[in-house]
Structures are given as C-alpha cells and as structure tokens.
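Take a look at this single chain in structure tokens; it is the form predicted on its own.
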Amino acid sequence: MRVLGVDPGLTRCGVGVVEGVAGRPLTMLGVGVVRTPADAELGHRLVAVEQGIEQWLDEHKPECVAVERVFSQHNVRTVMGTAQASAIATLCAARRGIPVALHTPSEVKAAVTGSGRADKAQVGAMVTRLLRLDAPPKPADAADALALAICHIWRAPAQNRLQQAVAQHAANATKGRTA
C-alpha cells in the first residue's frame, strides 16, 4: 500500500509518502513541506497548497491519502487554516477517486509511539527509526505527515475488517426482516 500522509497547514503543509504493509518494514518514498507566505492572500495560499498536493499526487500516485483530522484548538485562526488545508488535500484526492482516511493526532501518536500523548520529538524519533532514516525529517510537519501515512498503513487492515463486519451484519439484519 502506498499512502500520502498530509499534515495540513496553510503556512507549512507537511507531506510524506510511505509504502508497505502492516507487519513488514516500511519504505519512505518522499517527504517535504508545501509552504505558503503568511502575508499572501488566502485564495492564493489555498491555490498554492492545492498545486503542491497535486504535484505530490502526480509524482507518487498513492493508493490512499491519510489526512490529520482537524480538532478544536483554542486559536480559531490556526484551526481555520488547518481545516482549509485539510479540505484542499481531501478535495485533490477525491477529484482523482483516491480514498481519504482521517486520523486524529492522538491516534497517530499512539500508533507510531505507543502513547497518544507523545510529543513532537518522540514522533520524529519513532518515524526515523521505523523508516530507517539517518535523521528525523525537518520540520516537524514533514515527520508528522510520515507518521500519518505509517498510522494508516498499520490501521487500515483492521479498519477494513471492522467495516466489512458492520456491512455484513447490516446485510444479515436486512435479510432477516425480508424473510
């Protein structure tokens, strides 16, 4: 499975591509940051994020895009930019028919480090170790994007089995009512 992880942000949108399957060593195929100037108009910044995501999709052709789920923060301005960048990443993937998975920050931290309360340094250290890198990706947004991709690769099989079980249960319940 090839996954593009996106750590959304308007100033720095982390992107990272990881390939592999759960239970096997993973491979980083690319990591970076889509940057926009903080003083640029919002529309121009959103277009720049879109163009950056599109370039990553063109170059790496992921099977899935994993995006950090936006959560409530005290700084409304920060959460708005994060939500807008998240929507751009989701839109770019949906336009191409690529599935999008949303993962909370604590879910990603727990998957990668074992603790949902891990700090940025711990996430960066584990991403470095799991992908056998020489040093943690910089800035932290890039490491977070790789962590999102790793989380999705590891959690997707279990999530798919759960979705199939729910669908099967619903189908069986429907058959029971029509019989």
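Just count from 1 along the sequence shown to find any residue number. Quick caveat: nothing in here was measured; it's all calculated off a predicted structure.
The following text describes the form predicted in complex with a further copy of the same chain, which does not appear among the structures shown.
The partner is absent here, but in the predicted complex a heavy atom of H44, alone among K61, K138, H44, K120, sits within 4.5 Å of a further copy of the same chain. Contact here is defined as any heavy atom lying within 4.5 Å of a further copy of the same chain in the predicted complex, and by that definition each of V70, V79 and Q84 is a contact residue. Across the options 45 to 53, 111 to 119, 124 to 132, 141 to 149, residues that bring heavy atoms within 4.5 Å of a further copy of the same chain in the predicted complex belong to 45 to 53. Contacts between stretch 81 to 95 and a further copy of the same chain, counted in the predicted complex as any heavy atom lying within 4.5 Å, involve A83, Q84, S86, A87, I88, T90, L91, A94, R95, listed in sequence order.
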